[in-house]
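Just one chain is shown here, as structure tokens, and it is the form predicted alone.
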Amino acid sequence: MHRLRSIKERSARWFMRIIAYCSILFLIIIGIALFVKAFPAIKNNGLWELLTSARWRPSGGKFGFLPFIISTLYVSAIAIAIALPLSLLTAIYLNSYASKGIRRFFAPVIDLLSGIPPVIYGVWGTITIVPFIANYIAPHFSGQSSGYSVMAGGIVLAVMIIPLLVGLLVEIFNSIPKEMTDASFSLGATKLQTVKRVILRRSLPGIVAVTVLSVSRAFGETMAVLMVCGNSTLMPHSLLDACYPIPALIANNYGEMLSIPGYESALMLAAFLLFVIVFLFNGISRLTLNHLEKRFHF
């Protein structure tokens, strides 16, 4: 009986290890496949030229990805800058200040907002955010703008990821042992002091991890951003300029322009660049999270 149990334990351990290694293997296979398909574009144009050039003329064999990279980073940065503070404050309110009735009301609302298709957010951005920017914001800064801009993409993307952030942050705050907050109150701390010194401090690694997940979602979002960014291949110089993030470039052109020599390889390079950006961001965030865990002894 003991030997049979030992065999089962070893078999389960090896099975789970193989599954874990397969997950890493899939990631490597995806990266290699994208690189192989993108290699002709790299060979013909040079990686440095592709990454630093702003000239995008597929018919002439010019594939400068700098405007698309900058657009992706700008839109994602604006989305996180808007969504993270709002989501964090909302989650703190729901966890520490809201009544049980308000919490019960918001729980299905957050789930509903998380399940809305991205195209709905895109339509909403087209009929509300874009005209608002064109008619009320742009005249005070650049004079004229169609409203299809970096700012519109960032705002729509922020609204999309807020429900995801709020839901995850509330779960993280709820996982903090009640004994810790009770101990803080018993020592005379106010609710605000407890939030700052107990809840936020204890939840810091989780907040970082949730932010990484949201940024990864922002990097890869396609449809909603495609509908409000303007899809201009020119370099965006302000938040009111049209832009063209990498996911929108791939979705807009793959399958339609592949008759142009080198276009498919260029689009595969765009996908590989997005893959590398997300991979590097997650790697840097993981290192930051490890540093925080060691520093604060979580």
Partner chain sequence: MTGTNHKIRIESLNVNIDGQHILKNIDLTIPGREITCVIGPSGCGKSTFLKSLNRMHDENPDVNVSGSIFVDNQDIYDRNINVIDIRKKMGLLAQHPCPLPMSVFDNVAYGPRIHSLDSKKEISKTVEHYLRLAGLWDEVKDKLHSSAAPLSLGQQQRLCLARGLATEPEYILGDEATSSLDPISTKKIEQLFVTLKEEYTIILVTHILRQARRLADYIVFMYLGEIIEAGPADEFFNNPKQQLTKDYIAGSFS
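Owing to the predicted nature of the structure, the values given are computational and were not obtained by experimental measurement. Numbering follows the first chain given and starts at 1.
Another form, the form predicted in complex with the partner chain, is not on view; read the next lines as being about it.
Contact check for M180: a non-hydrogen atom falls within 4.5 Å of the partner chain in the predicted bound form. The partner chain is not drawn, but in the predicted bound form it has no heavy atom within 4.5 Å of I102. By the criterion of a heavy atom within 4.5 Å, I116 is excluded from the residues contacting the partner chain in the predicted bound form.
A residue is said to contact a partner when one of its heavy atoms sits within 4.5 Å of a partner heavy atom; T126 fails this definition for the partner chain in the predicted bound form, lying far away. The partner is absent here, but in the predicted bound form a heavy atom of T194, alone among T194, T90, S145, T211, sits within 4.5 Å of the partner chain. None of A81, I120, L112, L187 but one reaches within 4.5 angstroms of the partner chain in the predicted bound form through a heavy atom, and that residue is L187. The stretch in contact with the partner chain in the predicted bound form, judged by heavy atoms within 4.5 Å, is 197-205, chosen from 165-173, 126-134, 197-205, 70-78.
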